[in-house]
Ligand SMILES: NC(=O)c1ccc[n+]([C@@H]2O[C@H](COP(=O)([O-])OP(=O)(O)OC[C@H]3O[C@@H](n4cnc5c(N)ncnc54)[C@H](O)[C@@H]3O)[C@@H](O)[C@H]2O)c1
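Just one chain follows, in the form predicted on its own, and it is written as structure tokens.
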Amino acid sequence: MAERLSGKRIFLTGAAQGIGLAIAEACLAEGARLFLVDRDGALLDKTVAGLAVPRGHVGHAAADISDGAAIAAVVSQAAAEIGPINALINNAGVNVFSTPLEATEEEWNRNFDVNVKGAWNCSKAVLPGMIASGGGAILNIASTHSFTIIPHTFPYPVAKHALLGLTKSLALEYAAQGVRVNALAPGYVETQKAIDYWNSFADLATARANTMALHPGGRIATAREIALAAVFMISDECPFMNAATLVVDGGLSQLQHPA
């Protein structure tokens, strides 16, 4: 059976752990070449060392996606190492939860610098090459926060709503040049971020159980389940999917929870 991502040269951000690492593993298993980026260089080095892949299939670099010049340089490095980038997965993100009047200017800026500006910096860096070569695919990892509002999570959903706006805008702008831009919206996923959230409560076990109980199936997603959806969306199996958002949240966003 042919590898689903053969010929894909993917630039993946936030790749050192969690959903990003799961996406990297799933894409490599389907024959892709990857260039992995993360702000935590030491963790990224450790992650890459643990990946069992053919020589030449993975490059990596530490970079802050909010720094446009740095990302432009890293994209050039990626093209030299794995070949011209024809797929981008904007996975890097940061949780910033507060309330409107308590959120600081620093939190507001950090939220948008990573969750929106970072995705744009990466997209801007790879788009010229994609257009010149006749097309490509960009996948933005959004969230159910992109179309719902949960109290006390400000300003995170503001940025995630904006990420869908970026997705649609770029998709329509460059569709005629063969570039598809879509978004994937996970709900709760069992990653270190979720564990850190549960640890913020006095009773971790109860906090975790409450999260599970929110979902129709009584559980949350694994990182691999999100990664498998990402493989589909970045592959050539959905060539007419553009400006779309695929929701992978176990039905959570369809429930009407009491206030």
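Each residue number is its position in the shown sequence, starting from 1. Given the structure is predicted, the values throughout are model-derived calculations rather than measurements.
The protein also exists as the form predicted in complex with the ligand; that form is not presented, and the subsequent description refers to it.
Every member of the trio Gly20, Val114 and Thr191 reaches the ligand in the predicted complex with some non-hydrogen atom inside 4.5 Å. Listed residues Ala63, Ala26, Leu36, Ala32 were compared with the ligand in the predicted complex; Ala63 is the one with a heavy atom within 4.5 Å. Exactly one listed residue, out of Ala125, Val179, Ala87, Ala92, brings a non-hydrogen atom to within 4.5 Å of the ligand in the predicted complex: Ala92.
Stretch-level contact check against the ligand in the predicted complex with heavy atoms at 4.5 Å: of 181-189, 76-84, 98-106, 126-134, the positive one is 181-189. At a distance threshold of 4.5 angstroms between non-hydrogen atoms, Leu170 is out of contact with the ligand in the predicted complex.
Among heavy atoms of Ser143, some come within 4.5 Å of the ligand in the predicted complex.
Residue contact with the ligand in the predicted complex: Asp203 places no heavy atom within 4.5 Å of it. The ligand in the predicted complex comes within 4.5 Å of a heavy atom belonging to Ala16. Contacts between stretch 145-162 and the ligand, counted in the predicted complex as any heavy atom lying within 4.5 Å, involve Tyr156, Lys160, listed in sequence order.
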